[in-house]
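Encoded as structure tokens, the following chain is the form predicted on its own, with no partner shown.
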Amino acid sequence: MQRIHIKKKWLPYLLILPTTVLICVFKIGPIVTSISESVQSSKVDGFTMVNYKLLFSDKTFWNSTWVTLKMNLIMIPLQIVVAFVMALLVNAKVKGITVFRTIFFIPFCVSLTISTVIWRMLLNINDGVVNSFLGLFHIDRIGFLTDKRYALLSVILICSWRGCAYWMMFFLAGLKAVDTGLYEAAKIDGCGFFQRLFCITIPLLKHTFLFVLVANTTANFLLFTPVQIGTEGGPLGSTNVLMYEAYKAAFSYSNRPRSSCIVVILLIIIGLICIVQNKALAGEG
């Protein structure tokens, strides 16, 4: 009996062991390596901050930081609001609603790489469908991915088209967990749609909003596929986010210390933002 008890005691740890090993190898390991490489230099023995000094004196780095922050200040609220509205729509009890849920979720089923390629063709300034449609109304062709004024907004559009469908499912799961009796009682008391929304739905989805906000922030700060495929950081660095700058430093310029410094700074920024978000939304609950 004691032997069986010991086996049951260690069984949960054995079951999570493969996942733990994968996390250590592919998540924690690279982070530790990046931190180590960022404080090492071939010219100086031991640890040094020379790589960070060089990075902080680089105008390209500061431009990438500003572009990253600007993109996320627009994209994160946009995706959360749109995803929540989509969840409210597909949560309606009407005939055939499952069809609409499937249609709304389809964008996420397309990989980010493929969706970026599709959008790049649609937004092409010469023969793209969007510009061809605008031409019907005698509107001049717009360089969505080649004009500095529109490139960053176009990248946000590409990311949000796919991302909103994903975050919608979390909000939908949260809506399904809300007791419908609360809505019925509110209706009896004469509460309208917006009163029920702001007094019942949103407060009860507080933790769902917190999770989506933190996860969305983490994912969006590390995005670079739409930038790499769609704009290559241009035009004139207007879409050159930090993650893409780290990618170029490592694989285009073979400057791993610079790349590691950028990755470490990204991790710090994400960590600080997530802490602030948790403090702001978690409260005592």
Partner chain sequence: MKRRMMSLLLGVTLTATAFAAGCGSNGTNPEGNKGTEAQKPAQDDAQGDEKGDAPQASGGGQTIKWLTFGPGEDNWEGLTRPILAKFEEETGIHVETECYAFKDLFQVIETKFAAGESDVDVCSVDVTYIAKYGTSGYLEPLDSYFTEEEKALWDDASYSAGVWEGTMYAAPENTSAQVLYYNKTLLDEAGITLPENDAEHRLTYEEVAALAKQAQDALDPDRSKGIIGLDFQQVSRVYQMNMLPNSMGGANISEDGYTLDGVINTEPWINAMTWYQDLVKDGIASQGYDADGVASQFYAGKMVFIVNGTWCRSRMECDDELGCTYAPCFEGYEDQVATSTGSWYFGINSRSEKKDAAAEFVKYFTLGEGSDMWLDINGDVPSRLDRQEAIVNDPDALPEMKIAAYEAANTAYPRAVTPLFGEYSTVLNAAWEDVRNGADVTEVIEAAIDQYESAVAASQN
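Treat the numbers as computed from the prediction; the structure is a model and nothing was measured. We call the rigid core whatever largest set of C-alpha positions still superposes within 1.5 Å between the two forms. Positions refer to the first chain, counted from 1.
Below, we refer to the form predicted in complex with its partner chain, which is not included among the displayed structures.
> With the cut-off set at 4.5 Å between non-hydrogen atoms, does residue 65 touch its partner chain in the model of the complex?
Residue 65 lies outside the contact set for its partner chain.
> Within a 4.5 Å heavy atom cut-off, is residue 127 in contact with its partner chain in the model of the complex?
Because a heavy atom of residue 127 falls inside 4.5 Å of its partner chain in the model of the complex, the answer is yes.
> Indicate whether residue 268 is a 4.5 Å heavy atom neighbour of its partner chain in the model of the complex.
Residue 268: no, not in contact with its partner chain in the model of the complex.
> Whether residue 216 contacts its partner chain in the model of the complex should be assessed with a 4.5 Å heavy atom distance threshold; does it?
Although its partner chain is absent here, residue 216 would stay clear of it in the model of the complex, with no heavy atoms inside 4.5 Å.
> Would its partner chain be touched by all three of 182, 200 and 220 in the model of the complex, meaning a heavy atom each within 4.5 Å?
The answer is no; none of 182, 200 and 220 reaches its partner chain.
> Using a 4.5 Å cut-off on any heavy atom, which residues of 21-40 would contact its partner chain in the model of the complex?
Stretch hits, in order: 21, 24, 25, 28, 29, 33.
> Using a rigid core superposition, assess whether residue 268 undergoes a CA shift of 2 Å or more between this form and the one not shown.
No, the C-alpha position differs by under 2 Å between this form and the one not shown.
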